[in-house]
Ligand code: SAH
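In structure tokens, one chain follows: the form predicted alone.
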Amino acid sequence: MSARRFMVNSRTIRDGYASFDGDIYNHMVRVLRLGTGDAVQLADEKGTVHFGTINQVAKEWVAVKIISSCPVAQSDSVAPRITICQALPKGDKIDLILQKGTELGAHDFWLFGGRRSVAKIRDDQQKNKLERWNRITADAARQCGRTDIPEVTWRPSAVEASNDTGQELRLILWEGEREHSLKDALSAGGKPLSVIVAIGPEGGFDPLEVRHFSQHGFQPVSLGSRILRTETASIAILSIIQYIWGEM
């Protein structure tokens, strides 16, 4: 049987060793019942896989000795780096967006507070929320065999979400757009190196938000006659991009 692979943060690997507690420890030791001498693979967020063996198992942590490391080969036909810029939806819809988005190859997620977002996050909640959201993408990456972990970051509003974007292709899905469709935008040129797609909350984007995004190079596009739920939109756009430019 091949060595089990675990998604880890590169910061946990130092001087030829890695040690883990919490979720990784529980999955490695208590669920899979791995022990000293068992071979494992550790894949970090930088696309590097570290091959090693379990060196020590303690009551609440496990240590791995790294034997070798190598970058994962990337195919020339892989999709662009896709960023989902998602206005915070209500309830647990964000869990679905992060899970399925990770499965479908999103590079990272920018979550922000939309003017029409029902859900709100206080400043004192941000740290715990981000930790939880990043655990969701890490778990989803492990389950679907990804060698990297999409990072989840938070921006308070559309103003911050639309600033400092360096993606080659920038799109905002807006039901109010009447001239440009998603199909037009994706067929206008060759494959970009990176894409960011802004998606509104349940109530859609406020026109002022659309203006902010447009001023920073985001092209408003529509999905024609189809109005998708916010939790469906990211799944649809990722599937479409992966079909056109990826390996789906």
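Position 1 is the first residue in the sequence shown; the rest follow in order. Just so you know, these numbers come straight off a predicted model, no measurement behind them.
The same protein also has a form predicted in complex with ligand SAH, omitted here; what follows describes it.
*Asks:* Does ligand SAH come within 4.5 Å of any heavy atom of residue 52 in the predicted bound form?
*Replies:* Output for residue 52 is no: heavy atoms all beyond 4.5 Å of ligand SAH.
*Asks:* Is the gap between residue 228 and ligand SAH in the predicted bound form 4.5 Å or less for some heavy atom pair?
*Replies:* Within the cut-off, so yes.
*Asks:* With a cut-off of 4.5 Å between heavy atoms, is residue 38 one of the residues that contacts ligand SAH in the predicted bound form?
*Replies:* So residue 38 does not count as contacting ligand SAH.
*Asks:* Decide whether residue 202 counts as a contact residue for ligand SAH in the predicted bound form under a heavy atom distance cut-off of 4.5 Å.
*Replies:* Within the cut-off, so yes.
*Asks:* Which of these residues, 95, 160, 103, 175, gets a heavy atom within 4.5 Å of ligand SAH in the predicted bound form?
*Replies:* Going through each option in turn, the one that passes is 175.
*Asks:* Only one of 186, 43, 221, 62 gets a heavy atom within 4.5 Å of ligand SAH in the predicted bound form. Which one?
*Replies:* Checked against the cut-off, the match is 221.
*Asks:* Heavy atoms within 4.5 Å of ligand SAH in the predicted bound form: which of the stretches 44-52, 194-202, 211-219, 25-33 has them?
*Replies:* Looking at the other structure, the answer is 194-202.
*Asks:* Could you list the residues in 9-26 that come within 4.5 Å of ligand SAH in the predicted bound form, counting only heavy atoms and keeping sequence order?
*Replies:* Going through 9-26 in order - heavy atoms within 4.5 Å of ligand SAH in the predicted bound form - there are no hits.
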